[in-house]
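Presented below, as structure tokens, is a lone chain in the form predicted on its own.
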């Protein structure tokens, strides 16, 4: 008679303390939604504070984070990360393998340099003119290139990019500077963006460009057009059958990605104080492809990490190749290790072989594995409590 109420009370207490499955699901969904946002905001704040801190990473950065040389490298890495993010929108979201994405970056670089050099427009109106020009070029090239698909699309975009490269090198009317490039005319550029002393401001500008590009890419991906573009990437015929218009959606994504590349190109001009023909080459687009694959195809933050990591390696491997440590190695090792491109290529091959999803894929697998371990631990703890009750 006395054992029955005790059992009922224990059961009642167990029911009261046990969380409902719906509550667990809602709590987990909220956590998955807010944790990435909080992490991203904290990272942006940390990056914004770097010019005010004295953080040294020997072998990675040329000096403390407040020095102009280090801020120049970091700003370049952030801009390249933003450019890789724009290519992710084209390749990772819409599945469009373009070999001519550097063309729109070059429109931003050379376009702003020419407008500032040949007109009396201030910086912001000149940037608006160049941005409109970049949108027009993207519409024309995209409308023609998207008439074909697959490798044919890649070849058409490559042809347009090569035409732009030839035009820049021919130096029509002395506008582009030819092989020597074109220096930035700072007459109408605000003083806060000119000179080594203002590298900190250029770094903050690069960070702002990256944040804006990330926000736009996120908005496009989560929009109806982004969902249709992703569906078109998987099965274009099925999208046509259900009444979708894949051509217009792909053109929209193409123009948005090209416009973002143009905006990044203008910030790049202000940072580098000049334009060089290399930014118009197809090799530059292939470098963007390597960055996206390195970070993880289909991942926004993976594209940014891939661009930043590739830029830092490209900047610092030259110093490593010329170091005494490499010079003292046998010739069998010294010759290949003295070539930065050889090291970058080897790292890329290793990532493709052993990290098939790139850096983002490896991080997701690790997080999934740790999540399963946590679930297993919770089940063990729950079983233990039930047995003790």
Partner chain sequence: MSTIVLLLITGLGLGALYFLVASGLSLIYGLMGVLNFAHGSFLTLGAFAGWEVARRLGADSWGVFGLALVVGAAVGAAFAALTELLLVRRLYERHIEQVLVTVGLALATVALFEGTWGSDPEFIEGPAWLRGTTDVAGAPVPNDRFLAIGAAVLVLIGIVLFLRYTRFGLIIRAGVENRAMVTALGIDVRKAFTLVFAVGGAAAGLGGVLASQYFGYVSPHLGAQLLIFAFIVTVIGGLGSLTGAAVAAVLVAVLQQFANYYWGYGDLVVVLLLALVLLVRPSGLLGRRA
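Positions refer to the first chain, counted from 1. What we label the rigid core is the largest C-alpha set whose atoms superpose within 1.5 Å from one form to the other. Not measured: the values here are computed from a predicted model.
Just so it is clear, the following notes concern the form predicted in complex with its partner chain, a form of the same protein that is not shown.
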Quick one: from 183, 289, 231, 128, grab the residue that has a heavy atom within 4.5 Å of its partner chain in the model of the complex.
289
Among 192, 159, 135, 121, which has at least one heavy atom within 4.5 Å of its partner chain in the model of the complex?
159
Answer among 48-56, 35-43, 351-359, 317-325 for heavy atoms within 4.5 Å of its partner chain in the model of the complex: the stretch 351-359
What I'd like checked is whether 144, 163 and 342 together line its partner chain in the model of the complex, meaning each has a non-hydrogen atom within 4.5 Å of it.
yes
Residue contact check: residue 335 to its partner chain in the model of the complex, 4.5 Å heavy atom
yes
Heavy atoms within 4.5 Å of its partner chain in the model of the complex: does residue 215 have any?
no
I'd like to know if residue 252 sits close to its partner chain in the model of the complex, meaning any non-hydrogen atom pair within 4.5 angstroms.
no
If we define contact as a non-hydrogen atom of the residue within 4.5 angstroms of the partner, is residue 242 a contact of its partner chain in the model of the complex?
no
Just to make sure I understand: among 55-83, which residues lie within 4.5 Å of its partner chain in the model of the complex, judging by heavy atoms?
none
I want to check residue 363: does it shift between the shown form and the other one by 2 Å or more at the Cα, with the core superposed?
no
Any chance the CA of residue 320 moves 2 angstroms or more between the shown form and the other one, core superposed?
no
